[in-house]
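First, one chain by itself in structure tokens, the form predicted on its own.
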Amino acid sequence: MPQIEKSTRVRESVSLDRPWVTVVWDDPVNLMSYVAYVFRSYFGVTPAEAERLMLQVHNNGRAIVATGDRESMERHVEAMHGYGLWATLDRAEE
């Protein structure tokens, strides 16, 4: 009986160097001014950038607030949860 050789190679369908993103989602609880405050205080963005991101969350339902390696984005998501915001991480779009 012939021996069947099985391939143990795994094909990675996602590019290994593709960055991750932190996404903050709109919620019915937090005031817009508070969301802008969180972006200013945690990410250190300018008041204008914090306002732009907050309006993106409010108007579009979500905003990408950071991009980088997975571990950093996981820390940002945890921090956003600590501030009471809804946040997730995802792969950056190509």
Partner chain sequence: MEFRREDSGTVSAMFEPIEVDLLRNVTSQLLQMLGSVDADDAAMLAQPAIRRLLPDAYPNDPEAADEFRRFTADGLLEGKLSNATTVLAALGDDERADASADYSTDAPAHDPLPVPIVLTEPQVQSWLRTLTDLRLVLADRLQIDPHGTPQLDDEQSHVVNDIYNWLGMVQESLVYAIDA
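Residue numbers count along the first chain shown, from 1. If you're wondering where the values come from, they're calculated on a predicted model, not measured in any experiment.
Below: the form predicted together with the partner chain, not depicted.
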{"property": "Partner contact for residue 52 in the predicted bound form: the partner chain, 4.5 angstroms, heavy atom", "result": "no"}
{"property": "Contact flag, residue 18 vs the partner chain in the predicted bound form, heavy atom cut 4.5 Å", "result": "no"}
{"property": "Residue 43, heavy atom within 4.5 angstroms of the partner chain in the predicted bound form", "result": "no"}
{"property": "Partner proximity in the predicted bound form: residue 33 to the partner chain, non-hydrogen atom cutoff 4.5 Å", "result": "yes"}
{"property": "Those residues of 57-94 which, in the predicted bound form, come within 4.5 Å of the partner chain by heavy atom", "result": "70, 74, 77, 78, 81, 82, 83, 84, 85, 86, 87, 88, 89, 90"}
